[in-house]
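One chain comes next, on its own, written out as structure tokens in the form predicted on its own.
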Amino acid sequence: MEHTNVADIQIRPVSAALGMEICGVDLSEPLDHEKFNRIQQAWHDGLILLIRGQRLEEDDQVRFCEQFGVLGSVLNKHTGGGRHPSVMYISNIKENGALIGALPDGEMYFHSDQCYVEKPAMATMLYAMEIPKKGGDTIFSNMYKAYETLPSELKIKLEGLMAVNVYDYEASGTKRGSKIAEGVKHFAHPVFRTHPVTKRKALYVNRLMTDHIIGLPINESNDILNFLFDHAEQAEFTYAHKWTVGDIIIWDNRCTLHARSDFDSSERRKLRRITVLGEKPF
């Protein structure tokens, strides 16, 4: 794999599908503009950015994440919020009988964070604090490649169409409802979206939250969506990250999907999560 050295940091791909690893940075200290600009470019090139071996307090992670943009507040009222309004803990750990974090256990289907609101998160950052011995991996998929490899006739058919995305997985990370319940958050976005920085097109539907394509008969919509879900989740487009304590990953929600593999719920798992505000997809 090719290595690049810029401003005393090393950048290398983590997989053939997507991802860049940054070595030689300590995020407990502020980054200068030159280093951050190179890190940000690697993020745009790689779609996800991995930095290992960090020891970060909440304020350290907030400072690093703020360099990517304005931080989002936690949208849904979960247990396990941090001192900072943008911080949420993903954990199955209980203290005094109550969970200290959100989305505690089990598998989660592929999805893009906050695709059910008008302006979904641009980015999500996770920092690993406690990790089970096996499982609980985060699997990422490259939606540029998913779009680019679609049959040309399907690209033509779906160009300009919108799909409705729904937040209805409070009780289950593998539930996709057949109808939108009253009061459930939902929003329509383009089936194909354009990245505002790279100008590349990405597939923007996902198995967990995309309910239907507007303007198509429901059976046809379901058939097309199921094809798109299977297409987007092919192994050649994905990278499964096996977490170790001290890993930090930031991913671009505009051109990736992510999922979580199952793990033993008796083992402790704790990650700290922050999102960056995004724009309305186009």
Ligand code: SIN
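None of these values were measured; they are calculated from a predicted model. Numbers follow the displayed sequence, beginning with 1.
There is another form of the same protein, the form predicted together with this ligand; it is not shown, and what comes next is about it.
Note on the partner interface in the predicted bound form: the residue among V166, L126, L150, L158 having a heavy atom within 4.5 angstroms of this ligand is L126. Residue I90 is the only one of V74, I90, V117, M122 with a heavy atom lying within 4.5 Å of this ligand in the predicted bound form. Only one of 197-205, 181-189, 158-166, 106-114 lies within 4.5 Å of this ligand in the predicted bound form by heavy atoms, and it is 106-114. At the 4.5 Å threshold, heavy atoms of W251 reach this ligand in the predicted bound form. The closest non-hydrogen atom of T138 lies within 4.5 Å of this ligand in the predicted bound form. Taking the partner from elsewhere, R272 is found to have every heavy atom lying beyond 4.5 Å of this ligand in the predicted bound form.
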